[in-house]
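First, one chain by itself: the form predicted alone, in structure tokens.
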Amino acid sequence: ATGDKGGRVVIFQREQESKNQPHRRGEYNVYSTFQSHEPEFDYLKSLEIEEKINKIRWLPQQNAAYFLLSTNDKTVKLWKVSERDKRPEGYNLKDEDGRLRDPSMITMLRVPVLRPMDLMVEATPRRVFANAHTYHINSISVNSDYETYMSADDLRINLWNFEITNQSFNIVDIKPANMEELTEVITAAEFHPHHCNTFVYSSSKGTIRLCDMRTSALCDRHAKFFEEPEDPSNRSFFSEIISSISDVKFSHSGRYIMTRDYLTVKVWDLNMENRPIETYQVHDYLRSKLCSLYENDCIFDKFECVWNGSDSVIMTGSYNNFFRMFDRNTKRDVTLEASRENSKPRAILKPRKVCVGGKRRKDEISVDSLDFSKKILHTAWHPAENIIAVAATNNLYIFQDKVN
């Protein structure tokens, strides 16, 4: 599922493999499109609330229907997406167009029957979770108990029950009594994949807090605090900005957490708080360009990061429609490009290289000619297969490993 700035959600479905070409994996086609959020206006604060979708999270499938959560800055909605290929005909009190029949004309009892019809995919809002966030929602995460989920904004994290829309429990509140004393904000939050009592949240100061909901109702005291001490020799005007964590993700095993800041991806072991066990440079060549990236506001871009299904490879986005993959076992990494010019269907992607300084080989691209308006902020990895989805501005690319 993808969300856009216009408040729409588009769901893509992989078609079944055809019998004629069993080697060709199914293509992805649009399954359903619906308007999830509308623009609103907060009259008390004279603020316009954009319809832009910030996050989408699927719920595990329990029956033939699909359920997903989508959120804009203020309101989370639970959507049910279901199929209908039969329609009832032969009502007693209504004709086929739905108009009420004249009671005096009804002389016999009809038994309605189900007739086949063209497949229709319907999206219906089942719950609307509103009015709980003063600040912009940046994360939603479904708990492993599948009964609750949390939504996080800049200063608070709320815990919701899927069945209850009119109240939520505030589990983290970092708002100071005096807003002038505000030093950090919450940037991302996620539940542990197996333990329903554990979650993490990251901050703009580059720290991660792991909380346990069993200790107290308000998780103001963290159980673990992950922070890497800063190297004083690297300190600069931009240090605080680039150390802000834009995304945090638990590994599927639940043993590790991955964090993305502006220049790096770090992997932390839950049992070691003082430093990450792995650090990967995403685009270190931008270190010399921080001044111009600050001026054009790119330095505030929020890149996401994802694990592959076996937690052995991690992926994150960069500029110029580049995205990076790091193999944790072999320590090899690759830069690939998602662009219409370079991505013909079924063509193999060529690794890209960025050169810094004078001499440039013919297959390299100079750091000065990177396009900072083309950025890959959102990526996703199939839970079981080597299939990835990469969102580059208004294009969605789906890549898969080569099948021999």
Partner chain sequence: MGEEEGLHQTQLLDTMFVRGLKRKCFDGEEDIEGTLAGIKAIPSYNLQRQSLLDMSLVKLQLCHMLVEPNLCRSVLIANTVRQIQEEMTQDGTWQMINTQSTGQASLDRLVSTDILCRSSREQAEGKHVPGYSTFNKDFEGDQAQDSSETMSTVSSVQAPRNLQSNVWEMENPQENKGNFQKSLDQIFETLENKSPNSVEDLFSEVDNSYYDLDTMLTGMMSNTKMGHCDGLETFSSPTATASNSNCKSDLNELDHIVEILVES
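All of these numbers come straight from a predicted model, not from anything done at the bench. Residue numbers count along the first chain shown, from 1.
The form predicted together with its partner chain exists for this protein as well; it is not shown, and the discussion that follows is about that form.
Asker: Could you tell me which of 257-265, 95-103, 134-142, 316-324 sits within 4.5 Å of its partner chain in the predicted bound form, going by non-hydrogen atoms?
Answerer: In the other structure, the partner sits against 134-142.
Asker: Classify Asn234 as contacting or not contacting its partner chain in the predicted bound form by the rule of any non-hydrogen atom within 4.5 angstroms, answering yes or no.
Answerer: The answer is yes: Asn234 has a heavy atom within 4.5 Å of its partner chain.
Asker: Even though its partner chain is not shown here, does Met179 get within 4.5 Å of it in the predicted bound form, heavy atoms only?
Answerer: It does: once its partner chain is placed as it appears in the predicted bound form, Met179 has a heavy atom within 4.5 Å of it.
Asker: Taking heavy atoms only, is Cys291 within 4.5 angstroms of its partner chain in the predicted bound form?
Answerer: Flag for Cys291 set to yes.
Asker: Counting only non-hydrogen atoms and a 4.5 angstroms cut-off, does Val30 reach its partner chain in the predicted bound form?
Answerer: No - in the predicted bound form, heavy atoms of Val30 and its partner chain never come within 4.5 Å of each other.
Asker: So its partner chain isn't shown here. In the predicted bound form, which residue out of Asp269, Glu122, Asp85, Glu240 has a non-hydrogen atom within 4.5 Å of it?
Answerer: Answer to the contact question: Glu240.
Asker: Ser168, Thr71, Thr187, Ser151: which sits within 4.5 Å of its partner chain in the predicted bound form by any heavy atom?
Answerer: It is Thr187.
Asker: Three residues, Lys45, Ser244 and Phe300; all within 4.5 Å of its partner chain in the predicted bound form via heavy atoms?
Answerer: Each of the three qualifies.
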